[in-house]
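A single chain, nothing else alongside it, follows as structure tokens in the form predicted on its own.
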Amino acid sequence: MGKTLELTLNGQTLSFGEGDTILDVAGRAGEEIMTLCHDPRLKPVGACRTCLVEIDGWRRLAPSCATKAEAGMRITTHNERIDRHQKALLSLYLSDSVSEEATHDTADASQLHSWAARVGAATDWPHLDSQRFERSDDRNPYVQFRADRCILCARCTRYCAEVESVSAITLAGRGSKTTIATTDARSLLDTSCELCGGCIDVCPTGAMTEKKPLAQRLKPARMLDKVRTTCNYCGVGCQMDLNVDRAAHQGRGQVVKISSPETGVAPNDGNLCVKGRFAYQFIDHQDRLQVPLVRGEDGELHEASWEEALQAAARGLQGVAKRHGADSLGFISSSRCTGEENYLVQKLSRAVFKTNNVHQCSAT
């Protein structure tokens, strides 16, 4: 057995394993450390400097996300020195970002403003106008970059490179003009971007956001209810959260966006594809059928009961099978159905009509 490694965190002796960071150790012990640039799926870079801790014998504060735990360390996560640093740092971030009221236009809370309120950061420091280029005319239909909210934590660019492995966006420019850019300032549609929306999910300030909820300008008074569900677009079974505006549609509610759950939730670990995150408009689409329709002798479609519709479908299928054989039939079901519903379709095809001509795109 390997040697037991121990350190002291806020006076508490804790064990840890090889390769653990101070942030890892603190998290398992229930000690909360502020972070803005950190994501457990990404390599730590210590860019935002909000997670600094004090280590006995070290002259400078150390970034807990990027500092490996060592045996015998004596670490403090909260004291007057650390608190003073965090308050000043977040005050500077606020001076380079938008006001708290302006962060809620997609009904998402800003991690920056949430942390700033907790530490009592100054909100009256002189504001710096953004000099960053933001591609406001990007014609892609889903992702919007708002430079006036960016704090250059690089979570979005790192996610794009390390998780999605497409590197469609990157840091470009120098100094106060450093921004999130694409090659030659092209639209995301003209890059390697897969429009997965992961950059939106990891952004702590709302700089990367969704165009459709942004157009609706959702205000804090219309905070959304999150409903956990399973994506049906393929057979992976990704977990996702429906963000429902209960006040919309005369109180019937409306799904206004899709977000991914926290990391660690199987099987997708907080990741979604373009269909899972953005293809939800069919739910309330005006062309979506809400009642069964059966074509009458006049050649027109007429509303019918479910019993009448099912009898008409059964007669039609049986008639084709009788005239041309079972393999003249083919059954196609939708990936928007549940796994159980798709299972029933293939049972109908194979057991009732005796044909293996059945398919649906999720291939479950």
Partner chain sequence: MAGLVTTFGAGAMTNSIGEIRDADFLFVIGSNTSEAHPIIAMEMKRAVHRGATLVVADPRAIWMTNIADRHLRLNPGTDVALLNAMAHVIIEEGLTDEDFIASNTDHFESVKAAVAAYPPERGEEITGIPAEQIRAVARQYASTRKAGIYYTLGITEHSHGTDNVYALSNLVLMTGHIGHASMGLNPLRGQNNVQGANDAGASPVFFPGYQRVDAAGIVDKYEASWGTELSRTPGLNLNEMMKVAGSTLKAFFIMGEDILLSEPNVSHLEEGLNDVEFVVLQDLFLNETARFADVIFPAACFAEKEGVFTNSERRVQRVRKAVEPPGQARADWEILVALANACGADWHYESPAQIYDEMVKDAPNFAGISHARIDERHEGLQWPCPSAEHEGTRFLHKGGILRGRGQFQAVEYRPSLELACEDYPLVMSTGRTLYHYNAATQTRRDPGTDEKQPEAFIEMHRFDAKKRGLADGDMAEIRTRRGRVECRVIVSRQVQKGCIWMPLHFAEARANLLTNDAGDAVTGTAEFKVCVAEVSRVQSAAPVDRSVDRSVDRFPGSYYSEGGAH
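Here the structure is a predicted model, which is why all the values come from computation and not from measurement. Residue numbers count along the first chain shown, from 1.
Separately, the form predicted together with the partner chain exists; it is not shown, and the next lines address it.
- The candidate spot formed by 16, 211 and 247 is out of contact with the partner chain in the predicted bound form: none of the three has a heavy atom within 4.5 Å.
- Note on the partner interface in the predicted bound form: the residue among 119, 147, 242, 223 having a heavy atom within 4.5 angstroms of the partner chain is 242.
- The partner chain is not drawn, but in the predicted bound form it has no heavy atom within 4.5 Å of residue 143.
- Using a 4.5 Å cutoff between non-hydrogen atoms, residue 227 counts as a contact of the partner chain in the predicted bound form.
- With a 4.5 Å cutoff on heavy atoms, residue 316 counts as touching the partner chain in the predicted bound form.
- In the predicted bound form, the partner chain sits within 4.5 Å of a heavy atom belonging to residue 342.
- Looking at 308 to 331, the residues that come within 4.5 Å of the partner chain in the predicted bound form, counting any heavy atom, are 309, 310, 311, 312, 313, 314, 316, 317, 318, 320, 323, 324, 327, 328, 329, 330, 331.
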